[in-house]
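Take a look at this one chain, the form predicted alone, written out in structure tokens.
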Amino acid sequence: MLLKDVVCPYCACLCDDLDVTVEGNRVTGVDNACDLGAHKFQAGNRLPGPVRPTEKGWDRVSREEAIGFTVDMLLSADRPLIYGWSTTSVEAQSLGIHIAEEIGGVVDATTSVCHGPSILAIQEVGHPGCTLGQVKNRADVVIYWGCNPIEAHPRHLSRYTMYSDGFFLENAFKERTLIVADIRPTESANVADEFVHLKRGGDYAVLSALRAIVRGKTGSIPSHVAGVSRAQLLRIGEVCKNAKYGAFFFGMGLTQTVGKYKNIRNAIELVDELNRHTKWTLTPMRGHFNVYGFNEVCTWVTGYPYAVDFSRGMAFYNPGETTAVDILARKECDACLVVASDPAAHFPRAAVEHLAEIPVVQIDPVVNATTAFCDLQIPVAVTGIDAEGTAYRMDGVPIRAKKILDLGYPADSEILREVYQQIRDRKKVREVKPV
């Protein structure tokens, strides 16, 4: 059976034009996807059911036992943390936030270790954004700063920028100018019309120099800024000012280097300056396919985008204090529920060491680094493959992903709904106990 217009559940491009061939309840072919997306459709490494570690290995447990253990862990903890959410549906994310509120815990997402600084900057100076459709159809100058889309978002250039046809461009490929800024040559830099080779940590200085050039303060620019010549900066400034429609994309090379959110604030203010001359927009290159969705859902429910602490009986938000890495590094957390992510593979050593010392339950479709020390893993369906659900593209557009297989696994949202209901039921029993 050939299924058309399937949504790819790999990255935040959320490509929705895939042709997937299914034979015998198994994916046998994926067309139009990049290698990363195709691999996710055909990957294995699934556990047969919930498992717990023993001295001799891993033992199977029932779904009811697994949910009961999770509820016990969360209700007995003084400072529980619920973390992850980047590769599941917004329906599951909403339940996770409500669970955190019910138990007075902290809920955080992978945003805090990737594009958290982007959100902090946007909160300060706004977001001059647009949909990727606008970029595809209008942009004649595209900047990729601190990211390498050819390897991280392989279809981004072909669907939305350099190699896509534009409605308002007669010959999009020839009319577009591509600028790549990075600290090292990359595959994306190899196809760029202009490569800005920055010194490590020099992003803020170069962005400031470009802002000065756009404002006409060229006399204040030295011969070199963070390894970039004055002549190249002047040339790029003119290209940006003369664009009919420009699109600025940035990745973790800008968010996770010296300057953090101040780098993004500088980039936003550069785009604001350019908008005095022409039209420019800015978009973070979000990674996992629904990491943006958590920020949307969390903001609807709590008023804050991530790192929300309910221990005060109300939503409290203070990145650097209520973010997962900081709570773990300070050894405040005494239990952790990990959903749809792999903190052991990405967190700093101090955070992972404490995570290994406390009770951890992981809800995830596959075996990963966190599996090695979790006390229980509950395998679930993959949203977009054997579970349906809604996800947000990197430009904030919600897209509904289909279910194309039935492998017998419950969706994240099913498990979390049972956990949430049991927590509420047990709290009600406590409240009505006779004096």
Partner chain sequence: MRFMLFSGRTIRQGNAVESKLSPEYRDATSVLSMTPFDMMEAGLDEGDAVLVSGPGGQVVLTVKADEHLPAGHVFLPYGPYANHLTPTETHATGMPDYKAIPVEVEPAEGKPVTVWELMRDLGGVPHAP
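Just so you know, these numbers come straight off a predicted model, no measurement behind them. Residue numbers count along the first chain shown, from 1.
We do not show the form predicted in complex with its partner chain, though everything after this point is about it.
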{"property": "Triple contact flag 113, 184 and 325 to its partner chain in the predicted bound form, non-hydrogen atom at 4.5 angstroms", "result": "yes"}
{"property": "Its partner chain contact in the predicted bound form: residue 176, any heavy atom under 4.5 Å", "result": "no"}
{"property": "4.5 Å heavy atom contact, residue 260 to its partner chain in the predicted bound form", "result": "yes"}
{"property": "Heavy atom of residue 287 within 4.5 Å of its partner chain in the predicted bound form", "result": "yes"}
{"property": "Residue 189, heavy atom within 4.5 angstroms of its partner chain in the predicted bound form", "result": "no"}
{"property": "Candidate from 65, 31, 35, 406 lying within 4.5 Å of its partner chain in the predicted bound form - any heavy atom", "result": "35"}
{"property": "Single option in 120, 162, 71, 239 placed near its partner chain in the predicted bound form, where near means a heavy atom within 4.5 Å", "result": "120"}
{"property": "Sequence-ordered list of residues in 123 to 154 near its partner chain in the predicted bound form, where near means a heavy atom within 4.5 Å", "result": "150, 151, 152, 153, 154"}
